[in-house]
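Below sits a lone chain in structure tokens, taken as the form predicted alone.
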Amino acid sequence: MLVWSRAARRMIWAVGGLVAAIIYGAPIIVIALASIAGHWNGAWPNDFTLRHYGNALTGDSARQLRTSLETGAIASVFAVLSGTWAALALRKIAPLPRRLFDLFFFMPSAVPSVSVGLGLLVAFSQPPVLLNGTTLIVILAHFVLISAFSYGNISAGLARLRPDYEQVAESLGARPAYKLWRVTLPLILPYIVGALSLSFALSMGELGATEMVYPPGWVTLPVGIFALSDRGAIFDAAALTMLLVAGTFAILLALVRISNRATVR
């Protein structure tokens, strides 16, 4: 129902903002307070300290942060490369085969991530392809889970691309490779950067499949946070969570600036 009254619209915006603040803002605020709390025995924490951040930036926690960044970067780059290749390859095929391939690409995102991790664990625990206990199986799990989002984002960009530009390039004698590198890819660059941003964010927060396949020497930050909270070290887990949020946000902000510059061009 349309709301024509200005007062009613303001009330709806106020209520919506309050609900959003409670649902999204309150958990972050609580985690931020817990990350600097020395004790929390009442309604509010006390004995504020930065000791938990010091613990998070040293030892195992620092290695887990580097592991998450490396895993997210590698898996995201390969997901975007494969998603771009698949979207370009399936762009002009018949509708029915394309729907089948779409189903194939989106299937990992339709099942629980734990199932994906278990499937990889079972599939690659025996020769001739033995990946169990290696770093590669963690990266592969992240790649499988995020590749669908990369493919979907880039496919949407190609669907919005006007064919005039490519047709003009062809009429001027542009070869397929030149048309791809100088016309098609630059026009969908914002979608490629957006796919990279989304893939990286999803990889940084992935837990279910990683819990199933990670080796002792390649522990990601979400796994470390889960282990700390399971042991009752809630304040240290909160500090690690804030570092995870801050690191992901900083990289996403940089990627968004790149995407905006590509859009302007």
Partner chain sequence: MLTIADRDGAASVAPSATQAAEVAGSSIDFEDVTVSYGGTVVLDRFSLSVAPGEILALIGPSGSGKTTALRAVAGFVRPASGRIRIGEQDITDIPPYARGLGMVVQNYALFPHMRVDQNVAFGLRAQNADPALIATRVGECLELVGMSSFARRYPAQLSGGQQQRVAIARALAIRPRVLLLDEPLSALDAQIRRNMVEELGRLHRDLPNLTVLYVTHDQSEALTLADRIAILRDGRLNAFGPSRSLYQAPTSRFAAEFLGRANLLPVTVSQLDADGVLARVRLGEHSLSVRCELQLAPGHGCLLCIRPHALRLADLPTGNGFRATVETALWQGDTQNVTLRVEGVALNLTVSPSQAMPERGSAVWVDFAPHEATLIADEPAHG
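Bear in mind the structure is a predicted one, so any value in this text is a computation, not a measurement. Residue numbers count along the first chain shown, from 1.
Beyond what is shown, the protein has a form predicted together with its partner chain; the following relates to that form.
This chain is drawn without its partner chain; in the predicted bound form, the residue among A123, V114, L172, L81 with a heavy atom within 4.5 Å of it is L172. Its partner chain in the predicted bound form is approached by V183, whose closest heavy atom lies within 4.5 angstroms of it. Although the partner is absent here, F106 lies well away from its partner chain in the predicted bound form, with no heavy atom inside 4.5 Å.
Although the partner is absent here, L100 is not a contact residue: none of its heavy atoms lies within 4.5 angstroms of its partner chain in the predicted bound form. Interface membership of K92, defined by any non-hydrogen atom within 4.5 Å of its partner chain in the predicted bound form, is ruled out. Stretch-level contact analysis of 138-146, 83-91, 156-164, 123-131 against its partner chain in the predicted bound form, using heavy atoms and a 4.5 Å limit, identifies 156-164.
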